[in-house]
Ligand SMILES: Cc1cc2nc3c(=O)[nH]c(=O)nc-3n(C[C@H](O)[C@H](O)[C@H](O)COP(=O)(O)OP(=O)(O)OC[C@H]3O[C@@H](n4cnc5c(N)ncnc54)[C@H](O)[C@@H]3O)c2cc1C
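Okay, here we've got a single chain as structure tokens, the form predicted on its own, with questions on binding and movement later.
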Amino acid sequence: MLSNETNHNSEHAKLSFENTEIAFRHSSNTDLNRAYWLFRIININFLVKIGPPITNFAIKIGLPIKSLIKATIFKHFCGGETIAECNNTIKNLHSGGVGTILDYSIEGEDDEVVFDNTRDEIIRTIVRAATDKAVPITVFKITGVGRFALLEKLDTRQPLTAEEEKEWQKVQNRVLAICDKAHASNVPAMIDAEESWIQETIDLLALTMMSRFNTQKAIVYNTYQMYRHDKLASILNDHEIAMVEGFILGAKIVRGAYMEKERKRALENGYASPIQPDKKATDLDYDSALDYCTSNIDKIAFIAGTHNEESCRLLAELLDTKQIDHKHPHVYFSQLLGMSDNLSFNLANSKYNVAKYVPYGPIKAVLPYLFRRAQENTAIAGQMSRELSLIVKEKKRRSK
């Protein structure tokens, strides 16, 4: 899908991530004030560290803290407790040209009934997406439908017991049911990346699903965490497999979410860390992946999950340079709800495909996700002060 280059360049000239009027057009003054105080608190490392144990303790002994969480951090970073509760968020994002990725954020469970319920809930997100162009993509985690320790055993290639073989078959059946529904509904489904010591099993499962469902269109996407030094090679290798087997590679490209945990485990267990030596190496691989995917746009469909302004700008430039339509169905920008609105809404305003992750689920179940967000945000040097400075800028603009 080629488009007139001059048209691209005129669009591209308008792309600015500084326009707070566009970035926060969907936010009321109340929303903006809540975000301001939330990010100020998140900026205080001490509170973020003591927050999770205090909150978990308060919930355990029955203190009425859930309503406080729901009105503050949950309201900012999550769509609601159910798909229906996400309706306002979906409409709000859509009014700014941004799609929703419904993310049922239950994790770390160990129960077959919960796994079946999670599969059914993910299928409900696909059913919702099938009838609503405001929900263009869906997502799920393999650990949402299968036991972590089982995946870990598979990764180390230890033989499974007869019971574990049955259990593994159930996990595969759940994944198949989700991908089959996504294919029948013509709705893309992304498989999230997880810890490196279960990732090989996830990768194999994702490729199996792609070879089955991606022959005509990209339905199944695997996730590549570029803070791992071997993941650029994985994209190239998987693309070769896709070319040989005749399917479209679906790739979600992210920097990654488990760095501290990965380095700590590698050190404790005496193996070489899978993590890049520094941020510069990660950035280089991330941007190389964008270049590679745009160069193979007919056979690779990809989602650039990033809060990095430079990478967003680079991808916008790559599309223009290679004369790829801003609305090409094989390219999406993606950010998390409650963060980097200056990227999401300004990109959407320049007519790029953009979708936000909208986590939802029971408050207690979503807490690990929320705590991770807060901890990650303090770990990203400058990210929070950037969010804060944009909110302050918009508050000043409105007060005038």
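Predicted model only: the values in this text are computed from it and were never measured. Position 1 is the first residue in the sequence shown; the rest follow in order.
What comes next is about the form predicted together with the ligand, which does not appear here.
Peer 1: Mind checking whether each of Tyr227, Lys252 and Tyr357 has a heavy atom within 4.5 Å of the ligand in the predicted complex?
Peer 2: Yes, each of Tyr227, Lys252 and Tyr357 comes within 4.5 Å of the ligand in the predicted complex.
Peer 1: Consider the chain as shown here, without its partner, and state which of Arg119, His307, Arg147, His330 has a heavy atom within 4.5 Å of the ligand in the predicted complex.
Peer 2: It is His307 that has a heavy atom within 4.5 Å of the partner.
Peer 1: Going by heavy atom distances of 4.5 angstroms or less, which of Ser105, Ser196, Thr282, Thr294 would be at the interface with the ligand in the predicted complex?
Peer 2: In short, Thr282.
Peer 1: Only one of these stretches, 159-167, 307-315, 68-76, 233-241, has heavy atoms within 4.5 Å of the ligand in the predicted complex; which one is it?
Peer 2: Among the candidates, contact is made by 307-315.
Peer 1: Looking at the partner-bound form in the predicted complex, is Ala257 within 4.5 Å of the ligand by any heavy atom?
Peer 2: Yes, Ala257 lies within 4.5 Å of the ligand in the predicted complex.
Peer 1: Check Ile275 for me: does it contact the ligand in the predicted complex (non-hydrogen atoms, 4.5 angstroms)?
Peer 2: Yes - in the predicted complex, heavy atoms of Ile275 and the ligand come within 4.5 Å of each other.
Peer 1: Given that the ligand is not shown alongside this chain, does Asp320 nevertheless sit within 4.5 Å of it in the predicted complex, heavy atom to heavy atom?
Peer 2: No, Asp320 sits far enough from the ligand in the predicted complex that none of its heavy atoms falls within 4.5 Å.
Peer 1: When the contact criterion is heavy atoms within 4.5 Å, does Arg263 count as touching the ligand in the predicted complex?
Peer 2: So Arg263 counts as contacting the ligand.
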